[in-house]
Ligand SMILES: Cc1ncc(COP(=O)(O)O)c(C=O)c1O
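Only one chain is given next, in structure tokens, and it is the form predicted on its own.
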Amino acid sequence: MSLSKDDARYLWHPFTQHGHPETAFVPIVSARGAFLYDESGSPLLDLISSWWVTTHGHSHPELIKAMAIQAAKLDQVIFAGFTHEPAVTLGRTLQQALGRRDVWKLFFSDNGSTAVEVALKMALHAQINWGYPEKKRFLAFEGGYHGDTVGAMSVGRSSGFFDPYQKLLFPVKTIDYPETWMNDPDVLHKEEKSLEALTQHLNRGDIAGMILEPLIQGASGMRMCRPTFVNHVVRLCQQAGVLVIFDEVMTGFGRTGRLFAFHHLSEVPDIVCLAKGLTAGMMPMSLTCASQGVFDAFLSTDFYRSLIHGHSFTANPIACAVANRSLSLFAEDDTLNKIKALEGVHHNALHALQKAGLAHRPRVMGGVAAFDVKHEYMPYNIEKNHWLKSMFLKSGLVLRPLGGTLYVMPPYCTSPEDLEDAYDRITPILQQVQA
């Protein structure tokens, strides 16, 4: 049996142009810690956390144990009309982990896109239930990406990924995103322009909610903004009666150096979307966490004022058990301090790469580092990206450039020494790019 041949015959991969002659898929047969292993047993350092989901490392024995114990006890039960201990425990644990509100109400679904869909429906329906049917539009930042279902595509249309589907999408107002980086001299001016545009949109009185990736826009190139700016955005929206949705699908569970990105802020969103690191990358599950006020908007004896939404695997007990064990590992393994150590390596490496003229617009936050490989803007180019990915793979590194942006987001179990070694292997490849 050839995995590669059978793959080519039967499978359709995500975000992939199968017609490109250089498209190939590396068979991975096992994983442990920060490393993936191919058919020959060669290790590949997973520097993208397998699409931003793996937190504590691959095949973590404690998570495997939690999964097995729960599977033997209760594998699945409908969550409409029933409940179970793993879900209730997760609600209690996440309440403490999220903090900043007396109560968060957790609505389960199965992936990040769906968590966003639920949040959009919550915001729109809450405004209707409150007696504001005119509030029917959404605001988003230019370049934001929130998933691939229809509502998520609509609020992320400016990311440029969804042009063939424009006829499906509802209109969304966008404002410029004041991305910033180390020693950016123009950040205050960019923030001022964005806040002015935001105020103009809010004054129209027809906005139901605003969705944003707090502090880091992922798919558009790990673009970062300052906490002080996001605080201003939240205050302006909430003063206008606009619900604020934080898409923490990528930024949640330690990526920014704190458990959640909004923990860097003084202001608190109304709704938070979680997925990816929720189960440490081991099980598909997501959450849309709403304030008590949003939840109360749906309380009624009228069924049609309720949130009419659900999924077959809502609050799957096995996924909940894994999420509970993953959250406990943050304290047991001193995970946030591990992330701080990785952040230090990122800073040192990016300073050196910038000094060598190999990294432009460098930015670091927690376990995430990113930089542009050229001074000028580089749009997504399939040939360049294939070449870069193949060069990194030959060096034993799993990296996926985002257009002209290279980002590094390893699992938290990655040792500082392994991360330093990775940057040593990245450097000569960047020198070839410059040449």
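Small disclaimer: the values here were computed from a predicted structure and weren't measured. Note that residue numbering begins at 1 and tracks the sequence as displayed.
Although it is not shown, the form predicted together with the ligand is what the next lines describe.
Participant: Between the options 249, 155, 245, 290, which residue brings a heavy atom to within 4.5 Å of the ligand in the predicted complex?
Facilitator: Contact residue from the list: 249.
Participant: Which residue, 174, 354, 111, 129, has a heavy atom that falls within 4.5 Å of the ligand in the predicted complex?
Facilitator: That would be 111.
Participant: Heavy atom to heavy atom, is residue 213 within 4.5 Å of the ligand in the predicted complex?
Facilitator: Yes - in the predicted complex, heavy atoms of residue 213 and the ligand come within 4.5 Å of each other.
Participant: Against the ligand in the predicted complex, would residue 147 count as a contact residue? Criterion: heavy atoms within 4.5 Å.
Facilitator: Residue-level check for residue 147: yes, a contact with the ligand.
Participant: Answer for residue 407 alone: is it within 4.5 Å of the ligand in the predicted complex, judged on heavy atom distances?
Facilitator: Output for residue 407 is no: heavy atoms all beyond 4.5 Å of the ligand.
Participant: In the predicted complex, is there a heavy atom of the ligand that lies within 4.5 Å of any heavy atom of residue 276, even though the partner is absent here?
Facilitator: Yes - in the predicted complex, heavy atoms of residue 276 and the ligand come within 4.5 Å of each other.
Participant: At 4.5 Å between heavy atoms, only one of the stretches 321-329, 95-103, 139-147, 300-308 reaches the ligand in the predicted complex; which one is it?
Facilitator: It is 139-147 that comes within 4.5 Å of the partner.
Participant: For the heavy atom contacts within 4.5 Å of the ligand in the predicted complex, list the residues of 17-56 involved, in sequence order.
Facilitator: Read in sequence order, the lone residue that approaches the ligand (within 4.5 Å, in the predicted complex) is 52.
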